[in-house]
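Heads up, the chain below is alone and in the form predicted alone; it's given as structure tokens.
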């Protein structure tokens, strides 16, 4: 249970994961928000209305994955760092966009260790892009290229010194 470990269960994740078919069509947001707290920046930041309006500020967000364009604006607006964008439309790799608020900031092209939700290394990843706009309020969005099998497990990364 997330209340005890801080890590979502497979059952929790199954409720929020877009289908493989949808992920193969292009980028789509994955909201791994499982705690009912007063928060709605995901809703207010979504430009295409893919996040359903909250009936109560404590409601969990619901995303219409078919409506989501995967623009990723919501990533840096989520104070819980619980939103990711996954794109499995590429033949050779998947792209996972993750929020990042640590130092050092990776460089584009740099290889990093992709980590799962518990901090375990799941694979090597290549930093494809680092978004750091003023509108992101110091929450960078890092685009990671990972093997397809890691698309739904890679949720963070660790910068490693040159190997």
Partner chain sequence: MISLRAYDAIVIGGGPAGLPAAIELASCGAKVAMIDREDRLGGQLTKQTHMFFGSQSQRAGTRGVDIAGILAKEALEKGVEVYLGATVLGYYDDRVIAVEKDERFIKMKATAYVVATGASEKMLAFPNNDLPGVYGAGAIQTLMNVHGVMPGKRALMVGAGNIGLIISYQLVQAGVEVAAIVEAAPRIGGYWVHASKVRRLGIPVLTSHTVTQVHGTDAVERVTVARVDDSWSPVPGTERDFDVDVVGLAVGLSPLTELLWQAGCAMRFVPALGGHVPVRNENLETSVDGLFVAGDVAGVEEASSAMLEGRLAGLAAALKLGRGSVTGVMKAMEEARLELESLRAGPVGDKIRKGLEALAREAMAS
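A quick note: this is a predicted structure, and the numbers were derived from the prediction, not measured. Numbering follows the first chain given and starts at 1.
Note that the form predicted in complex with the partner chain isn't included here; everything after this is about it.
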All of 71, 111 and 142 within 4.5 Å of the partner chain in the model of the complex, heavy atom check: no
Within 4.5 Å, heavy atoms only: does residue 123 come near the partner chain in the model of the complex? no
Decide whether residue 40 counts as a contact residue for the partner chain in the model of the complex under a heavy atom distance cut-off of 4.5 Å. yes
Can you work out whether residue 48 and the partner chain are in contact in the model of the complex, taking contact to mean some heavy atom pair no more than 4.5 Å apart? no
Evaluate residue 57 for contact with the partner chain in the model of the complex, applying a 4.5 angstroms cut-off between non-hydrogen atoms, and reply yes or no. yes
Going by heavy atoms within 4.5 Å, which of 100 to 108, 22 to 30, 62 to 70, 126 to 134 lines up against the partner chain in the model of the complex? 100 to 108
Just give me the residues of 70 to 97, first to last, that have a heavy atom within 4.5 Å of the partner chain in the model of the complex. 76, 77, 78, 79, 80, 81, 82, 84
